[in-house]
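The chain below stands alone, shown as structure tokens; this is the form predicted on its own.
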């Protein structure tokens, strides 16, 4: 008789776990409280689904500020190359974009979700939709089954893959934390890991929607420039503050400092490829070609159109002043402004707005080689419910797939 494995949660990790368990002969049942499988996966990457990253797998753990070393076994047993080969077998061709980000050629997250569902179905996984788990049952430290809103299901293996607490509209409402805590697991208080940042300055509203590419952004803890973190790439202004890839990557650390009570400054280098002296020379050349123009009309070759009025206002230079009358001191102040455009970060957006949740089930209570609980035999974890989180670029989905794969295999082979 085949082992009964119940998987709670029909997202990326849960679908991979259920399919992997069934592929190895288990009687796998996937319970999903929504009426759609892969609901969050289908909107990931703005609907394009950044499934993984093309960097060498041995470099991956450094891309998880939240307990990356815990993922080593999972990542090396089911690598990024294994993942792209897996999707290739199910008709999902992939492409590599800037920063090593791997997307489906179709740019369709639905294609990724549907491939996972086909994989699970091909191996006989039973799907039970609109089914909410209210309790995981264990007797004498051994899994016994799950209580649902439609009755009890017996099983000696349960994989908890309910996701975190971000995007609650997709079903990620933190249910897994409650279920794990009831069995004695420690829950590291969840907080947003990849989330936009709110600024004190209101001028951001003037440039809302403006994307800046090839800029450098640094967050600074209080006045301590040694306690800083820097990212290079793309960012975006919003009516509330800032977002975009490099801001999201910095947001985890910014949030930690804010919760510790420290002020956080965001410093943007609009021209990171140029030193201050090189930028000064560039500005002098530009000014030399438009000497009789007013200052407010002289920066078109240097800055995006929407940003010019903001920089003019912040520079303190009279907007009407002819360029040839700008003093050396004023010009050098402009250079400093372009190299160190500062914003005061007052808070992260709430957890509900985060792409990824940090915190979750304590990794010390999970065996990283199997994803099995160290407290309850037969209980396994996969995906974002675990206290693991990565930067942007496909790392979080790879973690979900790799832990799901390992949990599904271990739930069968670990007997």
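Owing to the predicted nature of the structure, the values given are computational and were not obtained by experimental measurement. Positions refer to the first chain, counted from 1.
As for the form predicted in complex with a small molecule, it is not shown, yet the points below apply to it.
Looking at 363-371, 66-74, 342-350, 43-51, which lies within 4.5 angstroms of the small molecule in the predicted complex, counting heavy atoms?
-> This holds for exactly one stretch, 43-51.
In the predicted complex, which of the listed residues (296, 271, 267, 132) lies with a heavy atom within 4.5 Å of the small molecule?
-> Selected option: 132.
According to a 4.5 angstroms non-hydrogen atom cut-off, is residue 26 in contact with the small molecule in the predicted complex?
-> Although the small molecule is absent here, residue 26 would stay clear of it in the predicted complex, with no heavy atoms inside 4.5 Å.
Contact flag, residue 163 vs the small molecule in the predicted complex, heavy atom cut 4.5 Å | So residue 163 counts as contacting the small molecule.
Hey, in the predicted complex, is residue 407 touching the small molecule, heavy atoms inside 4.5 Å?
-> Judged by the heavy-atom cut-off of 4.5 Å, residue 407 is well away from the small molecule in the predicted complex.
Going by a heavy atom distance of 4.5 Å, is residue 32 a contact of the small molecule in the predicted complex?
-> Yes - in the predicted complex, heavy atoms of residue 32 and the small molecule come within 4.5 Å of each other.
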